[in-house]
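The data below hold one chain only, encoded as structure tokens and taken in the form predicted alone.
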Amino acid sequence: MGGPRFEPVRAVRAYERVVEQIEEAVESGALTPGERLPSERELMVQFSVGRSTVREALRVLQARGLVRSRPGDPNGAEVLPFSPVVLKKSMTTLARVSELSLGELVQFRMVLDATAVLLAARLRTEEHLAEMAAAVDDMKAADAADAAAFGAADAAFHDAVARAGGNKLIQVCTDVVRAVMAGLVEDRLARAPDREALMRRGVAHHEDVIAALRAGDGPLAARLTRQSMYDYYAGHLPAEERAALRALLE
């Protein structure tokens, strides 16, 4: 039979329509951070819905980080500025439950870290370089038996690089992926036959990256970052995933 093909419709609850309209107002700029929504009673009138529907919509909006709502507040819910916290929660859930392979996570981090250092090479300040150097000093000071301390200092280094690049989305994504992979870093240090040698290689790599950033050589810093990531994680991956990583080194 000819003619158009239609898709099944989905029943939409009233509170979802309320959420959609308020989200659209925030996204369009009709509602800006610091402004307040009308009171619950006024929202009931404007949307022609009951109190339970308005409260459910406000709960959803609050969970998404768009508003701060206090029950019974006569001034209405406050519209909040953007925060990466909600995005971070969503990405963490995605990474943990959607069957992403370690190889995919490492690939993503290679791309993120390389981009971060490219930006940092152009935008870094002396203060940023000092933060990176301080993190490397902490890595040097970490005892070989304390993988957690070494990992924390390594994380501080990458946080400083991401801040120097100035891209909040890269900062959030890097933080999430690193958190998901953190256990592997500590596990490798714990199992390494010569932890001190592995830690020294990590320190030397970070010092090379700082030197490249200080010289403003973003491409070199990016190559160093990708190679270090490959060297660190490739041994944990099957052959086909290692091949995919090598493509990022070319």
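Keep in mind the model is a prediction, meaning the values are calculated, not measured. Note that residue numbering follows the sequence shown and begins at 1. Between two forms, the rigid core is defined as the largest C-alpha subset superposing within 1.5 Å.
In what follows, reference is made to the form predicted in complex with a further copy of the same chain, a form of this protein that is not presented.
Scanning A135, L129, V177, V79 against a further copy of the same chain in the predicted bound form with a 4.5 Å heavy atom cut-off leaves one residue, V177. Screening L43, V60, A222, M199 for any heavy atom within 4.5 Å of a further copy of the same chain in the predicted bound form leaves a single hit, V60.
Contact annotation for T32: none of its heavy atoms lies within 4.5 Å of a further copy of the same chain in the predicted bound form. Contact annotation: K89 falls within 4.5 Å of a further copy of the same chain in the predicted bound form, judged by heavy atom distances.
The closest heavy atom approach of L100 to a further copy of the same chain in the predicted bound form falls within 4.5 Å.
Not displayed here, a further copy of the same chain is kept clear of A160 by more than 4.5 Å at the level of heavy atoms in the predicted bound form.
Residues are counted as partner-facing when one of their heavy atoms sits within 4.5 Å of a further copy of the same chain in the predicted bound form; in 145-176 these are G166, N167, K168, L169, I170, V172, C173, in sequence order. In the core-superposed comparison between this form and the one not shown, the C-alpha atom of R64 has shifted by at least 2 angstroms.
Relative to the superposed core, M229 undergoes a Cα shift smaller than 2 Å between this form and the one not shown. Core-aligned CA deviation for I210 between this form and the one not shown: less than 2 Å. In the predicted bound form, the CA atoms of P84 and V177 draw together by 3 angstroms or more relative to this form. Closer approach of the C-alpha atoms of S83 and V177, by 3 angstroms or more, is seen in the predicted bound form than in the present form.
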